[in-house]
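Shown next as structure tokens: one chain only, the form predicted alone.
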């Protein structure tokens, strides 16, 4: 079952370069590669060396770093591109050809027999050089199913390592992804890779369903950056797979490094990590409602499917608001090492709620109240402190 044995093809250095704000210097590319390798991704996918002389040099440089992750580059299904890619020293080559009627009519103008002949020629050449090779259709979900299966059968028969399906415009939903991968799994013997764009918000769910159906590899990028709205985000896939099997994900990946990777890339492309980002967003482990806070304090699993400690993070109980409960205020008092009775805590909680109905409160406002009550308690005793309020 590929949910228990999958690989990440991390494409920040290929798909991520297509993000609107992206410009990575050669040294920055090396740092991204090193961080992702330290995180534990199995593959790094790099921009085609045919894109520019600098892309070719960067590809060769990263291929020589001696990383644990295998290096791939992504090229058109053309012999000239394949030869350039082989010369860079990468471990494998991802070959792509548009197969939908849209791309065949308005992009390259080639028919299915031509696509198959070209694919077989390039695949045979890459194999003869001792490298991994993947063949992917582009715009798979707007391609004719018979055409797709005909192409995939042909490349599978000559021993391609992987075939890829690509939701190039982000139109697929989880059911469609599952059905297509399941059908493909019954036709080919090689591995299956899924590349999903996030135009309609389904990239993570689609990637998970692809694995459920028998895919073995998923393309990701840091923060999901890429063409338009990007692709399956690395953190999003990790969160989804952690929910499936936390022990597996702890073993496979250096989870505390995720935040550093995301912050680094976010800085390079001049975006903020979203407040609700998977795992690392600043509200990801923030609890506010009183009933939630009480349960979290008793047992974090009540309202957390992810353990922040596994990612080097901590949860935060938000207490400065009208929804707060006295258990949360009590915990804050204990954090401040203030010894207050439950009656005092409840009185303070009532005052916090009253103030919060009138204005926005900060944690400092709560702390001032707690310390004031504590000081009054020391001076006059707990009952007098409560009565004096």
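Numbering follows the first chain given and starts at 1. Just so it is clear, the model here is predicted, and its values are computed rather than measured.
In what follows, reference is made to the form predicted together with a small molecule, a form of this protein that is not presented.
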message = Going by heavy atom distances of 4.5 angstroms or less, which of 166, 155, 204, 184 would be at the interface with the small molecule in the model of the complex?
response = 166
note = In this chain shown alone, the residue from 191, 138, 262, 212 with a heavy atom within 4.5 Å of the small molecule in the model of the complex is 138
request  = Examine residue 84 and determine whether its closest non-hydrogen atom to the small molecule in the model of the complex is within 4.5 angstroms.
outcome  = no
key: Non-hydrogen atom contact residue 287 with the small molecule in the model of the complex at 4.5 angstroms   = no
ask   = Does residue 162 make contact with the small molecule in the model of the complex, using a 4.5 Å heavy atom cut-off?
value = no
inquiry  = Considering non-hydrogen atoms and a 4.5 Å limit, does the small molecule approach residue 96 in the model of the complex?
reply    = yes
ask   = If contact means any heavy atom within 4.5 Å, which of 313 to 321, 265 to 273, 195 to 203, 118 to 126 contacts the small molecule in the model of the complex?
value = 195 to 203
